[in-house]
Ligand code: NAD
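Next up: a single chain in C-alpha cells, the form predicted alone.
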C-alpha cells in the first residue's frame, strides 16, 4: 500500500476510526497512489461540530488570555517547522506542486501564518469609547471583541495546508474553536497540520473531518453547533453555502473565484510584465485564484507581446514536479484536467486563436498534464474570458486606451485581484482605483500579508489578512454605562 495511511478523524481531542474507512489519494504527476485518506460519516461530522461546541463553551480556550493563546500557537508553529521537510514531499505527491512552490507557498508559508496568528492573539480586546454628554449625565462605554464560536473551515485543493492555516490561525487567535474539512482530492497534509496543532492545544479546540462526497461539508454548514463558515473555493459552491447559512444567519467568509485582469500598457517594463503573464503557466499550473488569466494588452504592444508568449510556452519544461528544472506540473486531478480541456475546446469553438498549447503533452503518458496554453484574437465576451478556468490558460485581449482597459477589466462577474503595468505612476494609480476588485498590484508590488484580502461581486464576501482577520473571526460588543 503506497504512501501514508490516514484512517482516522479528529473529534474532541481523540483520533477515531473513520466510519467509511479510507479511499486512495492519487499522485497527479504519476497517477499512482500517494496515500489513503479517511472517509468519515455525516454523523461523525456532526459529532465533530458538537465537540467543538463543547470545547468552546466549557473548555479553557475561549477564556485564556491572548498571551496564553499566542504562546500555544507559537509552539504549534515551531513543531510544524520541525516537520517541514517530510511535509514538502507529501505535498508534492498529493498536490502536484513543483518543488519550489511546495517548499515556499505550500509548506513554509504555513508556519508563517501560524506565527502571525500568535501575534494577532495579543491584539487588544477592548477599546474605550469617549464619553458623550446626554442631558444631565455622561454616557461612556467600551467596545469588546469576542470570539464568534465554532468555525467550520472548508478548504480548497490548490493550497490545502496554507489555506487551512490561514483560516484556523486567526480563528484560534480570536478564541474560537474549529472544525476543519479539507478538499477530498489532497487532504493528507491538512490532516498532518491538524495533528500537529491538536497536540499543543486543549482537546476539542481543533477537529478534523474528511470524506469524498459533498455531504460532509454540507453537514457542517447545516449543523446548529456551527456559528460561522469560512470557505475557499468555487463561486457555485460558495453561493450554496451562503444560501444554506442564511436560515440561521451564520457568519460567512467566502473567498471565491477570480478572473483577474492583467493590464499591460505599452510604456511598461515589458520584461517584468512578460514574467507576470508567464506566471499563469508556471505558478502551480494556473491553479491559483489570483492568477491574471485575462491579459489585457495595449494595441501597439499586443502583437509582439503575444508572439513572445506563444514562442515561450512550448519552451517551458513540463513534467514530474520532483524532477529538477520542471516549472509546470500537473493539474491536481483527472476531473480538473477534463474541466480545463473543456474550456480550451470552447475557446476554439467561439473563434479565439489557439496560439500555443492546448494539448496533453505527448511525451507524458501518465499524469494530469495540460500544455501551457495561449488564446489570442479573443474577445471579453468569450467563455474563456468570462469564467474561471483554474489551469495554465491565458486569454489575451487588446485594448486601445486607458478607458477601454478599465471597462474591459470591470466587465466581469468577478473582482478578486488585478494587475496593472505602466511607466506612468499617475495612470497606474488611476487604473488601480477604477478597477472594481479587492486587490490591485501596480508594477508587480509584492504580496503584503498584513493587507486585507477578499473580493468584490462573485469573488466573495468578507476580508481576511493581518489585522483584518480579527474582524472576520470575532464579534464586537458594546458595553455602556451612564455616569451622573
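Please read all numbers here as calculations on a predicted model, not as lab measurements. Positions refer to the first chain, counted from 1.
The form predicted together with this ligand exists for this protein as well; it is not shown, and the discussion that follows is about that form.
Considering this ligand in the model of the complex, the lone stretch of 151-159, 116-124, 100-108, 351-359 in range is 151-159 [heavy atom distance within 4.5 Å].
This ligand is not drawn, but in the model of the complex it has a heavy atom within 4.5 Å of residue 390. Interface membership of residue 182, defined by any non-hydrogen atom within 4.5 Å of this ligand in the model of the complex, is confirmed. Contact check for residue 142: no non-hydrogen atom falls within 4.5 Å of this ligand in the model of the complex. In the model of the complex, residue 237 approaches this ligand with a heavy atom inside 4.5 Å. In the model of the complex, no residue of the candidate spot (16, 40 and 51) has a heavy atom lying within 4.5 Å of this ligand. Note on the partner interface in the model of the complex: the residue among 384, 309, 256, 173 having a heavy atom within 4.5 angstroms of this ligand is 256. Listed residues 282, 232, 376, 252 were compared with this ligand in the model of the complex; 232 is the one with a heavy atom within 4.5 Å. Contact residues in stretch 203-223 (any heavy atom within 4.5 Å of this ligand, taken in the model of the complex) are 214, 217, 218, 221.
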